[in-house]
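Next up: just one chain, as structure tokens, the form predicted alone.
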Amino acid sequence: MSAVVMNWIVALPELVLAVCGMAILLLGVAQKRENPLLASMLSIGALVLAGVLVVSGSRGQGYEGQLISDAFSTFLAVLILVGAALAIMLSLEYNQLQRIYRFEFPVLIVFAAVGMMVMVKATNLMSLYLGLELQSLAIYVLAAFARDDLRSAEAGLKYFVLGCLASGLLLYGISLVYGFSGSMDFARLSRAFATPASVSAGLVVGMVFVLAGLAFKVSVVPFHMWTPDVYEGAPTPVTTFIATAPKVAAMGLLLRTMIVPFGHLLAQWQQLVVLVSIASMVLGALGAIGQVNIKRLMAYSAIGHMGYALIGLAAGTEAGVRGVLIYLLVYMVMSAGAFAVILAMRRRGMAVEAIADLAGLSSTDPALALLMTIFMFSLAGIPPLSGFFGKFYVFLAAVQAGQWTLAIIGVLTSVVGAYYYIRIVKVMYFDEPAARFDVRHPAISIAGGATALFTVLFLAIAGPFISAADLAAKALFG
């Protein structure tokens, strides 16, 4: 097969999705009367089409080794597309009621998905950066999409300014790596680092800057400062999106970057990842305890959960990567479900976000209270829900790699973190009932029900997902 043909095959899902996004954008501009529902449905259709192409496409490298289509990128790309489709689906009612119902919203999510798919396929530091920036630019706009809302504008500005800082760190790290190694290709870098003793100090510094730039996108300590404010200020469907697909893409990019080109330098970066993981788990567990806004609580929860996911990377093994992939799968689903319930928190057409607004929900809306209970227990890691198995696989990988301290701290912070999840359940079932929520949109019920079923039945259906994660981890280690 010629190189040109392979280039087209490897990038076909991204090209199709980008063309569909531009076509939907032109259609929206050309319409005499704006129809955001049509744009949303077409965008979901484009994401489904891209998913079919990802699953059915051939495997191989393209563009002289800058992109790769393998089991690892396929696993993550499917999660990204599902997360993007859920975010569009959950935005329909909210955007209309908040008067931000415009056709550009789903188009921006489509373009962000294109960037994320490039991220998980990137095998070169330049393609890595291009994918990362395409995703970031779209999300900066989405965070400030409610342009008449001061909180949304502030969230977009904070995310943009801090994102630019992270991009600068990443670019500086890339320049150091290129300067000291003479290459930006992952395969060449891996061969150059086969003998860690000969690696220069400047290269290690460059690697640390690359790690710092990527850590911002995953929102782990000490690059977490944007997370609570952006989660709270951005429109809730945007928060849903930020909490799901971009987390998967950024963590997948971090895995490929640290394992493939820098895998031989495990001793140099392992302890740094361990420290970041511990700090994120501790901050996530303690920071959420005093929160009264449920979106801010979910932000600290996300910081903690990304700390748990980093346990698998710190292990530096195939089992560790498999654990991270399983963790990303279950976290994305239960997080999307929790935000579906948050989107249903609405009285007299106005969104409410205080934990106290859930008081007595079991009396006024038992089905919604049950859904939230499932997601809170799963996020806490209580068996037999999917969240327990996500943590089980990363803790098991840490123990097998001899990282006992990391595993023990992970278990202890899980116990502490369970407090604020169970507190929400207590508010719903034991506090005096507050006023009833408005009738929710069918899309919220469908998304919440589907994610809850997955969370509850994961033990029974886990086989194919674990096998797919195992294949993806094997592909990463070659």
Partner chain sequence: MIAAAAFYVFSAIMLAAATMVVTARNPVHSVLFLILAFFNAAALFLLAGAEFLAMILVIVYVGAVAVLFLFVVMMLDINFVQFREGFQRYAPIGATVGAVLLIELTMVLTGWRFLPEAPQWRSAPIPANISNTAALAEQLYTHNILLFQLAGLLLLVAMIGAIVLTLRERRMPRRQIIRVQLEREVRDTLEILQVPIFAGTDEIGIRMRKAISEDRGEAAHEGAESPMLAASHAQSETEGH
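Bear in mind that the values here come from a model prediction, so they are computed numbers and not experimental data. Residue numbers count along the first chain shown, from 1.
Unshown form predicted together with the partner chain; subsequent notes refer to it.
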Item to check | Non-hydrogen atom within 4.5 angstroms of the partner chain in the model of the complex for each of Asp357, Leu361 and Ala462 | outcome: no
Item to check | 4.5 angstroms heavy atom contact with the partner chain in the model of the complex for Glu104 | outcome: yes
Next on the checklist: I'd like to check something about Ile24: if you look in the model of the complex, is any of its heavy atoms closer than or equal to 4.5 Å to a heavy atom of the partner chain?
Outcome noted: no
Next on the checklist: With the partner left out here, check for me: in the model of the complex, does some heavy atom of Glu133 sit within 4.5 Å of the partner chain?
Outcome noted: yes
Item to check | 4.5 Å heavy atom contact, Phe388 and the partner chain in the model of the complex | outcome: no
Next on the checklist: Which residue, Ile303, Ala249, Leu325, Val118, is the contact with the partner chain in the model of the complex, using a 4.5 Å heavy atom cutoff?
Outcome noted: Val118
Next on the checklist: Please tell me which of Met126, Val78, Ala71, Ala351 lies within 4.5 Å of the partner chain in the model of the complex, judged by heavy atoms.
Outcome noted: Met126
Item to check | Candidate stretches 141-149, 291-299, 171-179, 194-202, one within 4.5 Å of the partner chain in the model of the complex by heavy atom | outcome: 141-149
Checklist outcome for this item: Near the partner chain in the model of the complex, with a heavy atom at 4.5 Å or closer, the residues from 59-93 are Tyr63, Glu64, Gln66, Leu67
